[in-house]
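Just one chain is shown here, as structure tokens, and it is the form predicted alone.
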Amino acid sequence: MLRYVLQRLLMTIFVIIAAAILIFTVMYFVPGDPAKIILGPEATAADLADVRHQLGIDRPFLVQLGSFMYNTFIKFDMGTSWFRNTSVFGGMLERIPRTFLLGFLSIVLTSLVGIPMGVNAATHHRKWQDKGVISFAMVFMSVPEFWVALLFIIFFSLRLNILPSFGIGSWKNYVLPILSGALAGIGGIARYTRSCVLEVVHADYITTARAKGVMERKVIYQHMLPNALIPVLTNVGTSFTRCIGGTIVMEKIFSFPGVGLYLSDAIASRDYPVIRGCVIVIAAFTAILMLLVDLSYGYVDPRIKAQYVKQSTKKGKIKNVA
């Protein structure tokens, strides 16, 4: 198991480094001159050259890339924002907890509501409960999240005036973004859980458990759900990464000062250090989260953990023989 964890950690580091090289390369070859955006169209050639030199964008590509990689991964310095004149790393530290909390609460709500809905639909196959869950999932998976967010703002903020539509003044500011992001996720996870449970609902061990007189609740949550939970865990993990990585639109709508809004403003102003820092952080978060999802398989299904241990034992024996 330890060998597998170390292999996945090395792979995660490789993914983060590859993402950093990719985003730097893309931003380097993007058309446009940041110096002209900073100084405006009336700037002289001498002023533009001076700003390019200060920003370090007048150097060759490989020199810039090497400096960027060294500062980011050795010195842990993501640079300074060209327009805010503040540390990118400091700005990320300020905003990451807000975005993480927003995504975490959204996925918790999605899981707590979506998984039981999917189980209930599967155990009442082709009945009104099943049809209701399918209809709910179809509607909210088809409707864009930003449209739902705008409807919530109109109804809860403008009409009823019970929830704020922007900022982070109190816990109430989290309610509308969480609900807007969770509805589509609830429909998706409910439908996915339903499909996974239906694959095991008629399995032999389920029939045997029921024949032994085991309570239906225990049959569902101790025998049926753990075996159907592995693909659901993958879906929950990808949904969480989507919540974190896809917060640009949601944070823009609610003026929520998180990583998404930080990245959105940086893209609009061509603030390359901020863009690179945000993409690296999102890539690192995604890679680490998928690693945790893979490791959780072993705790949900002991057979997978035993397989990891068996593979490590075999490799150790082969090395000893050699």
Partner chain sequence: MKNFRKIISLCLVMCMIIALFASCGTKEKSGTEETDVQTEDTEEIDENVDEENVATKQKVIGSEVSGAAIADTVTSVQRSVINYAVVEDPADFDPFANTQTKETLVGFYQPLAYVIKGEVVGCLMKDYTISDDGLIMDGELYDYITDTDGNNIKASDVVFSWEMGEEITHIGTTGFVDKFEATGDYTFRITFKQPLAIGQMDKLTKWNVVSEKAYSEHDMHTDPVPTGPYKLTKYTSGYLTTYEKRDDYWQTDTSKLVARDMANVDVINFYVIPESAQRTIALKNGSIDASVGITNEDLPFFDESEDFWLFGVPDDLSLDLIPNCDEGRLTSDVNLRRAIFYAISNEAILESVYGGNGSVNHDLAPNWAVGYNPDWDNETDNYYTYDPEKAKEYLAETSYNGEELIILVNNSPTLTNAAQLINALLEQVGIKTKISVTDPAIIKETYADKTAWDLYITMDATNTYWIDAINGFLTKDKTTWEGSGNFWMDPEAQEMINTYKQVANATPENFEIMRDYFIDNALCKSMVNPLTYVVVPSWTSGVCLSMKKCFTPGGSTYTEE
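Residue numbers count along the first chain shown, from 1. It should be emphasised that the depicted structure is a prediction, and the values quoted were computed from it without experimental measurement. C-alpha atoms forming the largest set that superposes within 1.5 Å between two forms make up the rigid core.
As for the form predicted together with the partner chain, it is not shown, yet the points below apply to it.
Among heavy atoms of P60, none comes within 4.5 Å of the partner chain in the predicted bound form.
The closest heavy atom approach of S165 to the partner chain in the predicted bound form falls within 4.5 Å. Although the partner is absent here, S255 is a contact residue: one of its heavy atoms lies within 4.5 angstroms of the partner chain in the predicted bound form. In the predicted bound form, at least one heavy atom of K36 sits within 4.5 Å of a heavy atom of the partner chain. Picking from 101-109, 115-123, 70-78, 157-165 the stretch near the partner chain in the predicted bound form, with a 4.5 Å limit on heavy atoms, gives 157-165. Interface residues of 81-115, taken as those with a heavy atom within 4.5 Å of the partner chain in the predicted bound form (partner not displayed): F83, R84, N85, T86, E94, R95, R98, in sequence order. Shown in the overlay between the shown form and the other one, fitted on the rigid core, is a CA shift at I253 smaller than 2 Å. Comparing the forms between the shown form and the other one on their rigid core, the Cα displacement of R52 reaches 2 Å or more.
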